[in-house]
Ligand SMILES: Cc1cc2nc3c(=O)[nH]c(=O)nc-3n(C[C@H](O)[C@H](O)[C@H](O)COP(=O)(O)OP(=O)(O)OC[C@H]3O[C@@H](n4cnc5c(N)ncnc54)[C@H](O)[C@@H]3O)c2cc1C
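Take a look at this single chain in structure tokens; it is the form predicted alone.
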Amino acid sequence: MKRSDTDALVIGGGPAGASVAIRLTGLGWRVTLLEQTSFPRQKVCGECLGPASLELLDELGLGSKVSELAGPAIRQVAWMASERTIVAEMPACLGGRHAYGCAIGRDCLDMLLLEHARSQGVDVVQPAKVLRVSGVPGDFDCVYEWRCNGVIDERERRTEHHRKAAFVIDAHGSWERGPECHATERDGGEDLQLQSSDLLAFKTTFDGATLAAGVLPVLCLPGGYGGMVVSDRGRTTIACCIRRATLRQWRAHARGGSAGDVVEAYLRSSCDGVAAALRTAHRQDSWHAVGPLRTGFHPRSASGIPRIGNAAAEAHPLIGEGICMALQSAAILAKLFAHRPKDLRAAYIVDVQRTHAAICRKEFSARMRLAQLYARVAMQPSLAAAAAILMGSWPRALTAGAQLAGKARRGELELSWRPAVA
């Protein structure tokens, strides 16, 4: 195998990319991480950390810091559908180090993870956009360009930089298109035609909201769904996904105004619980928007380049398991490499990639199917209202739904599978 600049090159500095970089560095690997944006930055993604996520952050050495900065423990779950709000107890994680989860802004969490990665010896290159990856396992060539505030640095416009790596991990985030890889299946993100059924995501934070601390409501909206939570520094985050056709209708009624203003009006008008929580609130920031959402397991990347986090699989964010799945997929990959041979042969890397994909599919499939079911119910007013009536008569149904969604899940993963090639 040729001498490389680094053992592993990680594309993306979110929870999946940063955590796998930390874990591999702990195994003695030389790790380079390329992230295209400058931190801190806000991101249209979930902020909920369940007990499983907190355990995984403990393993990385960040659990106490995150718990110190995060919002209050989430001890209740709510179902907000039009005029009805049902509140029930959040199931507790029994036997784990954390009974309940909490919420922390992605601007804060991602910064903590990336700074910790630097402190552990990860070579962080930021902001740098990966353009393409070529080569074979054991001898990859990664081509990237420097970015400035999300765009190409004019001083570097004609300059392409290269990093040689024995191993490449694709951890590009939600809503983004991954790098071009030799012999890869294309994501198709920018090539997809716009569909009325596309789900577009929006997120912002408020000061002065009256949402009770420690409550995690599911927002049932006509043609959409969302969630609210009290996060770090007492700020209230609201995030939602809305069908493109629904947004188009509301924008037509609004006759002007930004998409964010239209979304906020839609939320206040569609859900009394949101209107009540925001009655005395004011926005800290503008509305951030991305999309469309691409749920499901994503096509396998080039041979020998495993995907982790949202690059590999994405669930409807309604159940708040995105960060957990990202941290778990990173932990699984690192554990598979815990006993690598001295010579990191191509066949070994490819076998790890296949094994990792199979384990993640087995671990995440149930959560992803359940998230899809919950999303369908929440987006249809008649079904959401019927569910509210059931939960009003039997609140434990809401608790059971949170249990099924993984809110009381532990972070430990026992791997019974091992790569066949030693």
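Note that residue numbering begins at 1 and tracks the sequence as displayed. It should be emphasised that the depicted structure is a prediction, and the values quoted were computed from it without experimental measurement.
Just so it is clear, the following notes concern the form predicted in complex with the ligand, a form of the same protein that is not shown.
- Checking G173, P137, P217, G224 against the ligand in the predicted bound form, a heavy atom within 4.5 Å turns up for just one residue: G173.
- This chain is displayed alone, yet in the predicted bound form one of I332, A209, L293, A259 has a heavy atom within 4.5 Å of the ligand; that residue is L293.
- Using a 4.5 Å cut-off to the ligand in the predicted bound form, each of I11, G14 and A326 places a heavy atom inside that distance.
- Checking 359-367, 41-49, 61-69, 372-380 against the ligand in the predicted bound form, the stretch whose residues place heavy atoms within 4.5 Å of it is 41-49.
- Although the partner is absent here, G320 sits close enough that one of its heavy atoms falls within 4.5 Å of the ligand in the predicted bound form.
- In the predicted bound form, the ligand lies within 4.5 Å of some heavy atom of L34.
- Although the partner is absent here, I169 is not a contact residue: none of its heavy atoms lies within 4.5 angstroms of the ligand in the predicted bound form.
- Although the partner is absent here, H98 is not a contact residue: none of its heavy atoms lies within 4.5 angstroms of the ligand in the predicted bound form.
- Residues of 230-250 lying near the ligand in the predicted bound form, listed in sequence order, are A239, C240, C241, the criterion being any heavy atom within 4.5 Å.
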